[in-house]
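Just one chain is shown here, as structure tokens, and it is the form predicted alone.
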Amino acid sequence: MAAERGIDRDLLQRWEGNPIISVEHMPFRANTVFNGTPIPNEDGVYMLLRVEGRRGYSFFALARSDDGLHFVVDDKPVMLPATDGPFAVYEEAGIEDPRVTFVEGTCYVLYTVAGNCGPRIALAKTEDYVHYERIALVSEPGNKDGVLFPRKVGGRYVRLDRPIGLGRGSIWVSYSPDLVNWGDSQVIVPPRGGYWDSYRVGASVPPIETPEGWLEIYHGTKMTSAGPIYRIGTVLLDLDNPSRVIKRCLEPILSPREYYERIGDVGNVCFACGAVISGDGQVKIYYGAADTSICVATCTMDDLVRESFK
């Protein structure tokens, strides 16, 4: 007699075809692919991938899908670390974790530059998703996990990021008049002692505007004797004042349980990196698994806003 199915362990439901993109799908040699950002467009869903090459540094490639589930990766990378100009010294160790947001009709990418000076956040833009124009380095060293809000708030651009202070990583909010110069920074989501996100937290998905507030899907880590465990959670921010937290989840919405989430270059990692909302309210949340592949999990927008804050 077959065993009865137990209760769902996570709010998000994994697609049975996971992982959707792994190194086996790459048309060129690579070590791993993970933490890509989805780009919904008239052709379906594209994915700007973080690929770690065989030399050990990361760069970006583009994958295309007509259903958001089955992807084909372009034959060549679309963005490599700069080798000359003002960005070169900061990208010596690669470019990482792109996050796409459309603001006022332009497709912007916040990404992390990695080099001997430490991680910084950089800004680029694209018109065709294949060619990228670097605009500026927009943070000091020791910062990453930058995501842009999809519209101005109070006449200013807004972003979330994750600077490190005294070894702790919290989510901060910052404001800008021009996307280049940032300030008025405030910490809004710190780690919580005794919880699943007690070690570090960071922004993961560009904030989603809902009637209840800005929904941010973030990652949180808990340190164990075997290393950190990365899980996915939610926080709701005030629409008119994103520095004000309305609600924060008590439990994660996705935790590493499957083999492809627990075993890889970095074990026990579910790292959200983007979301696509369909017209019927279904949400596809894309996430990096064990720093080795990209997966997708789903739920409804109503459940995401209502159930994750119980």
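One-based numbering along the sequence shown. Being a predicted model, the structure only gives us computed values, none of them experimental.
A second form of this protein, the form predicted in complex with a small molecule, is not displayed here; the remarks below concern that form.
The contact residue chosen from V33, C249, L254, V269 relative to the small molecule in the predicted bound form is V269, the criterion being a non-hydrogen atom within 4.5 angstroms. Stretch-level contact check against the small molecule in the predicted bound form with heavy atoms at 4.5 Å: of 274 to 282, 241 to 249, 62 to 70, 33 to 41, the positive one is 33 to 41. Looking at K144, you'd find a heavy atom of it within 4.5 angstroms of the small molecule in the predicted bound form. When contacts are judged by a 4.5 Å heavy atom cut-off, D10 does not count as touching the small molecule in the predicted bound form. The small molecule is not drawn, but in the predicted bound form it has a heavy atom within 4.5 Å of D97.
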